[in-house]
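Only one chain is shown below, in structure tokens, and it's the form predicted on its own.
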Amino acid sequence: MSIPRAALEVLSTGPLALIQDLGRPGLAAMGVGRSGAADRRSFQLGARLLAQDYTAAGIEVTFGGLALRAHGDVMLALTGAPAPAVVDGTEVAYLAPFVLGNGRTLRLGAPPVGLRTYLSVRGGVDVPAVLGSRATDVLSGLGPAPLKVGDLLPVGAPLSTLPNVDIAPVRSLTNGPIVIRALLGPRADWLADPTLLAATPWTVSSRSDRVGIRLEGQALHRHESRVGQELLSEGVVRGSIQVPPGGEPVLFLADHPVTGGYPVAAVVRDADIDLVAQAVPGQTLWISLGMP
């Protein structure tokens, strides 16, 4: 096996581990979604802790289970869902840079709160870019394949700037009810009563993924003037809340399609989308609805 200057060997992946950066902006007209890290705020924090820009790819780990062995010394940082982290049996702190020494192994358990953990790598995971990004889009299949045991991930050369933050305090995640802010969408008039979006406690479905969060609760009904009608496909964005005929909303996340044919009744404010990306199945979600 040919070993690059520094690399991370994948020993286990957990339910899902993906290489991510901030995605492919500006290509929706070509049918290519942006993709990228589902919780952008956590990804960006990890990059800042390692004194690098957001083009450096890291690893998004869904519900823990990742194990990596270092070939060469590699500086890392963990952000997002606080999965228990150990290096050869010694606990590792979150929100702070640390060095995984040559031959040592990092293992992540299942996080007690939140869903997605971000492992930032100083120098970035240096795999080939596709359309200007190393992000994995699970809907289109663009980008690197999901990580598998035996993968050897080359580490790129770091920037000349050096980390100068010991630890970054952030607000803790919760498995309790969360409130997200949204604006009425362009097709809110397709619902008999759009305000029920805000009056209903929604439950995050186990059928949720990076494409979107399925919400379970009291079904929303079409306005009587729209019964039996269908929309032509329209452009949709991250944070769009579509309401299919069954009446249970779908909230689009990072790997959403670029168009959709169900009415968009509301759109989550951009500042709250990262919070939604950490919601776990069974968690209660309230929508605080405002006017555009």
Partner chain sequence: MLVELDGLAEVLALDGAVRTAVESGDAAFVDVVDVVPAARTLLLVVREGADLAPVRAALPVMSLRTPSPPTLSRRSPAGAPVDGSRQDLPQVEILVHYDGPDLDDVAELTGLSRHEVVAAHTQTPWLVAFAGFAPGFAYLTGGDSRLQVPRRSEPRTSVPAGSVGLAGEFSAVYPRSSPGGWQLLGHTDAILWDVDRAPPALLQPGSVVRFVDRDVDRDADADAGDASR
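Since the structure is predicted, the reported quantities are computational estimates derived from the model, not experimental observations. Numbering follows the first chain given and starts at 1.
The following text describes the form predicted together with its partner chain, which does not appear among the structures shown.
- Of the candidates 165, 92, 142, 152, 142 is the one whose heavy atoms come within 4.5 Å of its partner chain in the predicted bound form; the others do not.
- This chain is displayed alone, yet in the predicted bound form one of 192, 87, 130, 219 has a heavy atom within 4.5 Å of its partner chain; that residue is 130.
- From the list 45-53, 233-241, 60-68, 246-254, the contact stretch for its partner chain in the predicted bound form under a 4.5 Å heavy atom rule is 233-241.
- A residue is said to contact a partner when one of its heavy atoms sits within 4.5 Å of a partner heavy atom; residue 181 fails this definition for its partner chain in the predicted bound form, lying far away.
- Although the partner is absent here, residue 214 lies well away from its partner chain in the predicted bound form, with no heavy atom inside 4.5 Å.
- Among heavy atoms of residue 72, none comes within 4.5 Å of its partner chain in the predicted bound form.
- Heavy atoms of residue 25 reach within 4.5 Å of its partner chain in the predicted bound form, making it an interface residue.
- Annotation for 183-220: interface residues with its partner chain in the predicted bound form are 186, 187 [heavy atom within 4.5 Å].
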